[in-house]
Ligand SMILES: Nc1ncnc2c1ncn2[C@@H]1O[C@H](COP(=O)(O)OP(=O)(O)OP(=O)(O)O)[C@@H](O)[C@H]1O
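A single chain comes next, written as structure tokens; it is the form predicted on its own.
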């Protein structure tokens, strides 16, 4: 009795013989073979149970590299490095590392939902000497996917989508992240509106001087946002989130942004509003930002005159009276230099208007030293969804800095520092604490740096006391000056009223004489 193995062997031999005869026949009778070719293909397909799909490296008339090919290359790079015997290393533009892929004529297997598929890297044609930037016309590289025809539905409907999605994820993870900025010289003509450098800021949440509970809360919020594409679509909102970082200078607002970007592996767009000519240009800049990015507007209260546009006339008049001559002159000179026509309405539309939905997975971050100066419409929930206060250095934040700067986790001096920071309530920014902890000479010990910090905290306490006394004194002087101005104004008004009465009396006497 013939076994299944023998049957397939005999069938294979018969097909090979038939194909050999067909080849010879086609060589001698080429035109007649054109009529028989469809017949032989149908016959061959009845016995050959596999389906093949090819993905060419270049497509179109302009030799544009196929996104599908690049996605497959990224998807297979991990398996290729561990399974394939022959590899080739490529440097891809914008990638921070080498990309390993199968060399020509190599094959690896992959499994998906218990289905086995085979990937082959192939090349057709001969290599010719060419001065072109593209491969010679007769040299074509491609990936070939082979699978059993019974798995057609799984492969077509789910596996290919899985390959593209995972390949894109690997590309984004391996890409060289960028720090973009808009400059005045690039806002004219057809030049690009964003220039960039490689983003290499080393800040992470582990090195960020902040309470651990607060850091975990922010990280959890970021992770939830990055995984909520379907949820945002379900509730009908653009896939974006706004963060407002506020606090005194030196509290780590810029460092927080860098830590967020490194945590999510996002690009950063540093938007300088004063170089944007108008609202239209602001929208164009938004359109040209990529997904998986953080758009930053630092010191929003100083960027443009967006803080007092809703003040009442009476409040403006009162503020104007309180300002001295030097302040008025400085504001006038600053106003003369402004050329931007970006309005509060244009910025609000940029944040959460119709244009904000152009693209997805974006985070918008505002920073400010004076949150009270900002228009409430600019920072309300829905625009700036999460408000994060960057405060003065506490004891937990100090311990992070001590670990970062000195690699010290415990010391007998910690109790004194804790007393000064928490009991005495001395306010010192993380930037100032870090500067005091930084060794000033080669071989300076950690204990010396800690003692220097203690002395700096004590000096800060005395300085804060002096500032309070000066503020009280200045406030009294301002109140006294304000009282004198009011008295002078009242005296002037009384004198004018007296002059008016005398004038009226003279006029009345003159009319009586006539």
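Because the structure is predicted, anything quoted here is derived from the model rather than measured. Numbering follows the first chain given and starts at 1.
Heads up, the form predicted together with the named molecule isn't pictured, but that's what we're talking about next.
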Option from 430 to 438, 271 to 279, 217 to 225, 374 to 382 whose residues, in the predicted bound form, bring a heavy atom within 4.5 Å of the named molecule: 430 to 438
Heavy atom within 4.5 Å of the named molecule in the predicted bound form - the one residue of 174, 262, 411, 207 that qualifies: 207
Of 242, 252, 346, 71, the one that lies within 4.5 Å of the named molecule in the predicted bound form (heavy atoms): 252
Full three-residue contact with the named molecule in the predicted bound form, heavy atom 4.5 Å, for 180, 351 and 353: no
4.5 Å heavy atom contact, residue 394 to the named molecule in the predicted bound form: no
The named molecule contact at residue 401 in the predicted bound form, heavy atom, 4.5 Å: yes
Residue 199: touches the named molecule in the predicted bound form, heavy atom cutoff 4.5 angstroms: no
Contact label in the predicted bound form: residue 289 to the named molecule, heavy atom within 4.5 Å: no
In the predicted bound form, residues of 404 to 427 near the named molecule [heavy atom within 4.5 Å]: 405
